[in-house]
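Presented below, as structure tokens, is a lone chain in the form predicted on its own.
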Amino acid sequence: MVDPTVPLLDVRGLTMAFGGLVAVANFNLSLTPGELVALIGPNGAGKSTIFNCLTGVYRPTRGLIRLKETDITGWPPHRIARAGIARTFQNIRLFRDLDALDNVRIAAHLRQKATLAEAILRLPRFRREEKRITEESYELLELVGLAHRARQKARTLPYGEQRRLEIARALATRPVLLLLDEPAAGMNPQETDELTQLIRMIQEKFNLTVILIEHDMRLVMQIAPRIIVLDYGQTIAEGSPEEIRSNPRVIQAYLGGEAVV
């Protein structure tokens, strides 16, 4: 039973410096199970750097990252993925020459228990797991509306469908925390509306905790009960969509000059 009073994710004093450049300074975040939070801010504000620290791409210069009360600071990406954090990327990173089903199957193998010897000899446990992985991967494609594309190569899919395939692949790792890095980038308004519905649906279906980076403010204001605003690596505001919309510091960060509410 998940204790709703214990943070699923607890980030304290996260700082990431590259030489003399401080990309993120003293970032703090506490997430309860099932919560959805949006990170917004101008380009270069440090949003993707935070994602890279949470997923082990970068080792933080300072700070602490706890997932379900376990200190995961500085863990390598594969270990963090096994712990339950999955992500999508600002720039789509699919296996372009594999079909949609195999893109999802590859991610699902993270949870495979069969040994290398069992795989080589195709022993019963390996065959059972392969069958289960294929079935579950196809179900995820159905969930994101791509079942009809199962045997189509990823590079031939329309842009919006590639974004959906990335989400299906992330879900195949069975995460407890899903990080979405600009999932609506390059989408038209109809695709964005469909994506909004998809995020809501998968959050509820899988009881997921979600952190969303997004520049589409319409999507953010519709879907995120809590918003954190970054500028030059520092948190300048946090609150509800209504509070963020009228915050002078946020307006100044986005528009420059004197903020006018």
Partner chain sequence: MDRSAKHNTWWRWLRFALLGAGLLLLAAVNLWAYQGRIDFYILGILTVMGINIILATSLNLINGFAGQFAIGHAGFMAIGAYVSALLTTLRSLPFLPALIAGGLAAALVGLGVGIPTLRLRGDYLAIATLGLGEIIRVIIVNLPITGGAFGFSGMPPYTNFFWVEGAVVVTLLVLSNFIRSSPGRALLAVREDEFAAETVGVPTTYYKVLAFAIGSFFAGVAGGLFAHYLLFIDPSQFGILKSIEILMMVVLGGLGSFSGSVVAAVLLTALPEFLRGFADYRMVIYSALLILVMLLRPSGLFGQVEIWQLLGDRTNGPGGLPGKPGGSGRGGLAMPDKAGATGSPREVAGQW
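Just so you know, these numbers come straight off a predicted model, no measurement behind them. Numbering follows the first chain given and starts at 1.
Quick note: we don't show the form predicted together with its partner chain, though the next part is all about it.
Residues 30, 68 and 136 are none of them found to lie within 4.5 Å of its partner chain in the predicted bound form, as judged by heavy atom distances. This chain lacks the partner; the member of 182, 130, 161, 191 within 4.5 angstroms of its partner chain in the predicted bound form by a non-hydrogen atom is 130. In terms of contact with its partner chain in the predicted bound form, the residue from 143, 72, 176, 106 that brings a heavy atom within 4.5 Å is 106. Remark: residue 155 counts among the residues lining its partner chain in the predicted bound form, judged by a heavy atom distance of 4.5 Å or less. Using a 4.5 Å cutoff between non-hydrogen atoms, residue 110 counts as a contact of its partner chain in the predicted bound form. Contact check for residue 119: a non-hydrogen atom falls within 4.5 Å of its partner chain in the predicted bound form. Under a 4.5 angstroms non-hydrogen atom cutoff, its partner chain in the predicted bound form has residue 93 among its neighbouring residues.
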